[in-house]
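Single chain ahead, written as structure tokens, the form predicted on its own.
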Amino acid sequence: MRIGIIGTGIVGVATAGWLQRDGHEVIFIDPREAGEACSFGNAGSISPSAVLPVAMPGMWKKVPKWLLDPDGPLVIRSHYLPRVLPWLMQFLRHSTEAEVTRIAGAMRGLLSPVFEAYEPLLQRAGAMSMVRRNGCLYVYSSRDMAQKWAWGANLRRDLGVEMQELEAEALFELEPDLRGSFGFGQYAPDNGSTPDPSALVKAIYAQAIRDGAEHLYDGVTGFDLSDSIVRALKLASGETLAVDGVVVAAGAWSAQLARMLGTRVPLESQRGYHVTVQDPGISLNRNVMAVEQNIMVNPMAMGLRLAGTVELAGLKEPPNYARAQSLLRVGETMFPGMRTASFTEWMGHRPCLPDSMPVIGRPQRVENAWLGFGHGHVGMCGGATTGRELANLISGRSPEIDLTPFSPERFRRGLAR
């Protein structure tokens, strides 16, 4: 079959790689180069432990304080509040202990096979060096402070995530440059990261092209549908592209395309920022999640990346790089010796659904379309598994994980509540 894949982020290129293993013909449709957008600017975490949703028990109590703090983890632009408020209310409804437990269990199923889903793609591309499997650290100022997050850590353990507790000196043996601001850690040895998320995506994409995929640098504006079958894609250039099937993997821009296929999903952009510091003067060996600061720090090929925060302002507003500057300020308090003379800033659109789970599957009303988007903060963690499972569905095989929680129709049926 000839499958059109809308999007060249991690989900799109992973889906292509898995489809080609089944002998399908692939054509990418994306006006941008592969590995840009969130696939360029994310924190680089590849972590089976990243199962907790964004909305956690008691979060609603913290939101007012966050909104008053210019360096806080959440900003909502005032003009956007009326539009995003219904989404926020739905988001907070998923923050009960029962809902978080349900969501974390589903996400554990998606994220557990992340390395086995990446491996054949990276081996084929000769890019195994793009993944490091040396664990990650969750760090806190003290053991007492870590108790505030104990419920989530225990839930991870209940789901089979190994979390080793490290007192100060054991923590500093792993990462000497954490000395000074942190006094307690939890080591997740089964986690990993990538030193260059964009290069990882580009490597899988380049192999797909070598294996016969095409890339049409255009946008999709609609679908030619008849008898519940997509016959062709309508392109921004005015042309049409005949296909045997289509995968929508366009990240934060996917909701409108899904709607054209008869499925409405409450997709929102949780705009994220990063700073990448060149020559920081400090050295880390692995991903570090500073839990109290809600910042992930990753040593990358291009420098030390600090990523985090959420801004709700939609897809069209220009970046507010004060958010990146706040990451830098917090980073300087975390690492007092860090040199910040040279750094880059970035903003990107995380595609997020109110239950912090992606949609993976087929729209109810269309037989040859599949959706794979909404991975939020865990795109690099879940992208390869999503690609594998979409290829299973397209090729007529049973999925290897339970996809029921990720149904594109769950919001229509109320199953996300």
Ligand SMILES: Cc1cc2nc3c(=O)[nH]c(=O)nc-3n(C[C@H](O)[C@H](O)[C@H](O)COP(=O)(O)OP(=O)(O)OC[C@H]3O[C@@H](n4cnc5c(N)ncnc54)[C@H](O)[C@@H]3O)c2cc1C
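So that there is no doubt, residue numbering starts at 1 and follows the sequence shown. All values reported here derive from a predicted model rather than from experimental measurement.
The next section is about a form of this same protein that is not shown, the form predicted in complex with this ligand.
A.B. asks: Mark G9 yes when one of its heavy atoms lies within 4.5 Å of a heavy atom of this ligand in the predicted complex, and no otherwise.
C.D. replies: Yes, contact at 4.5 Å.
A.B. asks: Can you check whether H377 is within 4.5 Å of this ligand in the predicted complex, heavy atom basis?
C.D. replies: H377: contacts this ligand in the predicted complex.
A.B. asks: Answer for Y273 alone: is it within 4.5 Å of this ligand in the predicted complex, judged on heavy atom distances?
C.D. replies: Y273: contacts this ligand in the predicted complex.
A.B. asks: Can S49 be called a contact residue for this ligand in the predicted complex at 4.5 Å between heavy atoms?
C.D. replies: No, S49 sits far enough from this ligand in the predicted complex that none of its heavy atoms falls within 4.5 Å.
A.B. asks: Should the three residues P53, C136 and P176 be counted as contacting this ligand in the predicted complex, with contact defined as a heavy atom within 4.5 Å for each?
C.D. replies: Negative, none of the three is within 4.5 Å.
A.B. asks: This ligand isn't shown here, but in the predicted complex, which of 68-76, 305-313, 101-109, 276-284 has heavy atoms within 4.5 Å of it?
C.D. replies: Result of the contact check: 305-313.
A.B. asks: Could you spot which one of L353, V366, A391, A37 gets a heavy atom to within 4.5 Å of this ligand in the predicted complex?
C.D. replies: Contact residue from the list: A37.
A.B. asks: Just to confirm, with a 4.5 Å cut-off on non-hydrogen atoms, which of V291, A203, L257, V246 contacts this ligand in the predicted complex?
C.D. replies: Selected residue: L257.
A.B. asks: Using a 4.5 Å heavy atom cutoff, which residues in 234-259 contact this ligand in the predicted complex? It's fine if the answer is none.
C.D. replies: Counting only heavy atoms within 4.5 Å of this ligand in the predicted complex, the contacting residues of 234-259 are A249, A250, G251, W253, L257.
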